[in-house]
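Starting off, we have a lone chain in the form predicted alone, written out as C-alpha cells.
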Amino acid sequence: MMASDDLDEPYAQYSEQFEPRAPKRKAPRSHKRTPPRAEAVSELAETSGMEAGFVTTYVPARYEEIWLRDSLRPFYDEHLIVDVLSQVKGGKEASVYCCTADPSTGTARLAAKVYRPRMFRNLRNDAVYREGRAILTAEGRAAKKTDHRLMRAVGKKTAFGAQVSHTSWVMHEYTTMERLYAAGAAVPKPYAAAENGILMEYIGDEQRAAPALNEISLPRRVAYPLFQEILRTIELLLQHALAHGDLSAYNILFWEGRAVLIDFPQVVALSANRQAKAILQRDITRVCEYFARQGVRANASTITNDMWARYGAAIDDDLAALFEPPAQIE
C-alpha cells in the first residue's frame, strides 16, 4: 500500500469521536455569528441525502457508519439503491453489502463492494500487481503520462497521489468487470463505480448470498463443467492481456449451478508485468487444487503453458526488453 498515511486523515477524526478520553478544560465561548434562517436552511439542505433520507435496515458498527455512508452516498444520490440490508462479506481490503435496488434498475437487489479505509485495510505487496498498469481516473480512463503533476504526486506518495492510486485501484476492478461482462464471462454485471466502491449484480436470493467455492463441496458431475467455465473466463482475461492475479476458491461464487468470478482490483497487465506468467500459473494452480478435491484431475502447469503459448508467448520478448529477469513470486 502507499507509504503515506495521509489517506487516513479523513477517518482519523472518527476514532477520536468514539474513543473515551479524559475530560478537557472547557473551551472559551465562541463568538461565531448565528446564521440567519435562510442560511441555516441552506446548510441543512447540503446535508440531505444519506444523512437526511437514507435510513438503512443494516446497523453498521461504530467505526463503519461514516465510512459506509460516505462510500455509498453516490449510489443513493444516483437513484441506484434505496437501502442497505446486510453485510454479506467482510474482507481484508473491502466489505460487500446487500442493498435494495432502486426500482429503476430493474432488479430487486444489488451488491455494493466498499473498500475499507487504509487504517483498517490489509493488502500487502500491491506493487506486484500495479507494475505496468496505467493509472486510471475516476472516469475509468488512463491518465496522461504527460500529466507531470499527477505522476509526480503518485511517485512521491503525497496525499493527493495516494488518493489517485486508490481511485485507480478501484477503477481497474470496475473496468475489468465491464470488459469481461461484455465479453460474456462468468462475472457479476457491473452497475456503477464511485471513489470508494463498486455497485454490481447481487448473486444470491433474499435468504442468503451465494457461497464461495471454499465453503462447499461439489459432486464431480457438477464440478467438471464449473471447472471448464472458470478456465473459459481465465481465457477471456488473457484475450484482453490480463490475469486475475488472486484467483482461488475464495473468490469464485457458486449459485444455481454456475460459477461467478469476483474480486478484480489486482488484475495484472500481462504486457508489462515481469511476473505475469508466474501470477497466471498461481491462479490456475489454486483453481486446480480446489477442483482436484472435487474429483477433477488437471495439470496446472500444462494448462498454464498451453494458455501462455496461445496468448502470452509474444509478451515474453517485450518483457525481456523492459525488465531484468523476474524474481520468484511467493
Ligand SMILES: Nc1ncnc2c1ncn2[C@@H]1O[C@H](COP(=O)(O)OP(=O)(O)O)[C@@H](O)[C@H]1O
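For every residue, the number given is its place in the sequence shown, counted from 1. Just so it is clear, the structure is predicted and the values come from calculations on it, not from any experiment.
There is another form of the same protein, the form predicted in complex with the ligand; it is not shown, and what comes next is about it.
Here the chain stands alone, but in the model of the complex its contact with the ligand, taken as any heavy atom within 4.5 Å, falls in 257 to 265 among 282 to 290, 300 to 308, 257 to 265, 59 to 67. Residue 200 is the only one of 200, 247, 101, 171 with a heavy atom lying within 4.5 Å of the ligand in the model of the complex. Only one of 89, 166, 179, 73 comes within 4.5 Å of the ligand in the model of the complex through a heavy atom, and that residue is 89. Looking at the ligand in the model of the complex, residues 82, 83 and 109 place no heavy atom within 4.5 Å of it. By the criterion of a heavy atom within 4.5 Å, residue 251 is counted among the residues contacting the ligand in the model of the complex. Among residues of the shown chain, residue 94 is one whose heavy atoms approach the ligand to within 4.5 Å in the model of the complex.
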